[in-house]
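One chain is shown next in structure tokens, namely the form predicted on its own.
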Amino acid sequence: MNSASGPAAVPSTDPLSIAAIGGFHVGGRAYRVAGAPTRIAVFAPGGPARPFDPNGDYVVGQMYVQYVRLARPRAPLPLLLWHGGGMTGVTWEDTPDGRPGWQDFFLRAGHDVYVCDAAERGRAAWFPYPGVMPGEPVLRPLQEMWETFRIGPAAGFADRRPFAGQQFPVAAFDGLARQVVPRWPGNEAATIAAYDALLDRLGPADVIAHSQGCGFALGAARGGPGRIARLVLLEPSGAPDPATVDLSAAARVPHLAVWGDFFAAHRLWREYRAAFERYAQALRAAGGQVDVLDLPAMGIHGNSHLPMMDRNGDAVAALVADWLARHRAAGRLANPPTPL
């Protein structure tokens, strides 16, 4: 397994020089509701009850993107931050204990940064009528988050007893819990379509994805470097069977995988990681480059499934920024950026 490491400096804390801050929705499709009953509703506190007819035309499946563009960016391409399952773009903003997140870090490292709320999450919104969202939504219980995010053993949840050496700020765990939103398993097609629309608008771009978001990013990378120039995968929750996909275009996109700690205590995460390793081996066999930051193997211990929120998150981000910079210096980018 390859590794990627190098000099890693935390960017300056000097004030940022910003050219523009804004947001937009992208993607989505037309949908018509017909045959739904009219109901009586009160739309404002103290207001009158009145009939509401939901039948009509809507746009569904869109995603929301918040951007901050620098006055003098040093990176040539936009950086897109894609969150994981049951999460939103808040993943990349301030940490649960109030420290600046990776959005701030990569702005200070010279990147224009685009934080995404995928379809059905956060400001992308969701649609309540049948025929759009599949099945029933799920919401993570705190106990499931504690274990799946590898913060501590299941038996340690009641008294908030983490793994020894845990880097996640455990005292702020309830702050993490407040970030979680419903998700609809099986709604992946809408998310893929929205990310495709985003890359149509902004690509080629660099992408940092987390967990479930890595699966969407791996699919987008199979469109080649004209869509994703460089791809960073933070703890990907698996990968497709490489025998079922064409890897020829993805082999021209440098990939970096980042893994934290405490895998021995979690069988599911060992399975996820093994699935990704099979994909990575096939990608290398197709001529691609897949570098790996195995943090414990590098002597960096205690990271949870949420390295962007861990207490040493800036140090991990610096390793990622160094990898991006070295690949930029090596001339691995395919095309100039497309302006917004």
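Bear in mind the structure is a predicted one, so any value in this text is a computation, not a measurement. Note that residue numbering follows the sequence shown and begins at 1.
Beyond the structure shown, there is the form predicted in complex with a further copy of the same chain, which is absent from this document and is the topic of what follows.
Between a further copy of the same chain and the residues Ala193, Ala265, Ala154, Val138, the one pair within 4.5 Å by heavy atoms in the predicted bound form involves Val138. Between 202-210, 173-181, 226-234, 249-257, the stretch whose residues reach within 4.5 angstroms of a further copy of the same chain in the predicted bound form through a non-hydrogen atom is 173-181. Annotated contacts: Val42, Gln66 and Arg123 all touch a further copy of the same chain in the predicted bound form [non-hydrogen atom within 4.5 angstroms]. Using a 4.5 angstroms limit between non-hydrogen atoms, Phe163 is distant from a further copy of the same chain in the predicted bound form.
Contact annotation: Val245 falls outside 4.5 Å of a further copy of the same chain in the predicted bound form, judged by heavy atom distances.
Within this chain, Ala315 is remote from the site of a further copy of the same chain in the predicted bound form, having no heavy atom within 4.5 Å. A residue is said to contact a partner when one of its heavy atoms sits within 4.5 Å of a partner heavy atom; Asp112 fails this definition for a further copy of the same chain in the predicted bound form, lying far away. With contact defined as any non-hydrogen atom lying within 4.5 angstroms of a further copy of the same chain in the predicted bound form, the contacting residues in 73-98 are Thr88, Gly89, Val90, Glu93, Asp94, Asp97, Gly98, given in sequence order.
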